[in-house]
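Form predicted on its own, single chain, as structure tokens, below.
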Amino acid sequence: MIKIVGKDALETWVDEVIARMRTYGVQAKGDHFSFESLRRAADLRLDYDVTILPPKKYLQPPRETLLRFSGAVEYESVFDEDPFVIFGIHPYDLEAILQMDAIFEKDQRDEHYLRRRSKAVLVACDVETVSENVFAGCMGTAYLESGFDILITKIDGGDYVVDIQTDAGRSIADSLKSAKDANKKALAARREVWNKNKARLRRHKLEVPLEELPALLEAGYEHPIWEERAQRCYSCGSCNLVCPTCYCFDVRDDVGWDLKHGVRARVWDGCLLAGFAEVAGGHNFRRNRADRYRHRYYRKGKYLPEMIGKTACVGCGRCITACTAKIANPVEVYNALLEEKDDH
């Protein structure tokens, strides 16, 4: 079901959804944008460039209670199974969520993530404003034709094409069912948006074909770039924490003052942090900054592609913006490895 609606009809629909269920959406936050609880459609900004944090924070929260315990043997798992909607997910962030789905379903299923994910309705929107450091066009994530519940695309003239693809999407789209079906002209206009975004979401140009990244990294393990750039790394983990495809976490037990009751929670963690690979006895598999710095790129360009068949970088550019040392740009690193290979 693909409809075409005007701005007023779109806002009316969003307000109806807000009245029915927990709703999040992109809103202005000073000079930046952020996914926050949405209380009225007028606050929703579909024209934003990029958000500070990705929408993964609602699927894998920065801090999440896994269970409550009492004494040595009594415990109760905690699950968040209330339905919710996220409005305004850009295609690159949607691709990151789809990758997280594959990871958390693989091998030992993560029920905490998957139960919450099953209750989420994902309303994506095509990019209107190009952000400073985006390179999604190089990563194949400038637009997506599937994977969402609903996709909103603003076309020339100011109308919106609303593509409702799933039962979850249809369940919140009652007021849109009477809207006009999108005609061939509207669909052609949407395709034009996709083609333009594929070309213009390339603020940094990746010279390496994505399918060649694993082999390039395999050959570049001893490249001097790892040590050179790591000398400027603060090990702050900002690149990890803003990344939509980073999913690593630490698990902690918080015990109450009575020493009997408490909770087990997981919190975001990152491979650039000094203690990330530390184990019992104080041993650390990646004590050196260069080892941690290199691991980030191998995870995205080699390890995850070998696990799920997709490059674990979607080109959002958040890491580039967040890194005050200006060493986190994946495009620069991968291009440097390619130059070294070509020189030989």
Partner chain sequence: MITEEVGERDKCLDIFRPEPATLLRCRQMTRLEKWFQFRLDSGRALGHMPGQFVEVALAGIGEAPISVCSSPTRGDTFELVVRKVGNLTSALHELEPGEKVGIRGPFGSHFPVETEAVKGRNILFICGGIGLVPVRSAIQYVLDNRGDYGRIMILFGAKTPADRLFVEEMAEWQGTEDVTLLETVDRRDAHWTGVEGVITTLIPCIRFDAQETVAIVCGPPIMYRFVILELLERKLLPENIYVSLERRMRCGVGKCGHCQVNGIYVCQDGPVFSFAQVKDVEEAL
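Fair warning: this is a prediction, and the values are worked out from it, not measured in the lab. Numbering follows the first chain given and starts at 1.
What follows is about the form predicted in complex with the partner chain, which we do not show.
Only one segment in the set 33-41, 61-69, 46-54, 311-319 has residues whose heavy atoms sit within 4.5 Å of the partner chain in the predicted complex; it is 61-69.
Contact here is defined as any heavy atom lying within 4.5 Å of the partner chain in the predicted complex, and by that definition not a single one of 87, 289 and 325 is a contact residue. The partner is absent here, but in the predicted complex a heavy atom of 255, alone among 199, 215, 188, 255, sits within 4.5 Å of the partner chain.
Taking 128, 163, 227, 269 one by one, only a single residue has any non-hydrogen atom within 4.5 Å of the partner chain in the predicted complex, and it is 269. Using a 4.5 angstroms limit between non-hydrogen atoms, residue 208 is distant from the partner chain in the predicted complex. Using a 4.5 angstroms limit between non-hydrogen atoms, residue 104 touches the partner chain in the predicted complex. Using a 4.5 angstroms limit between non-hydrogen atoms, residue 118 is distant from the partner chain in the predicted complex. None of the heavy atoms of residue 194 is located within 4.5 Å of the partner chain in the predicted complex. Contacts between stretch 287-322 and the partner chain, counted in the predicted complex as any heavy atom lying within 4.5 Å, involve 291, 295, 299, 303, 307, listed in sequence order.
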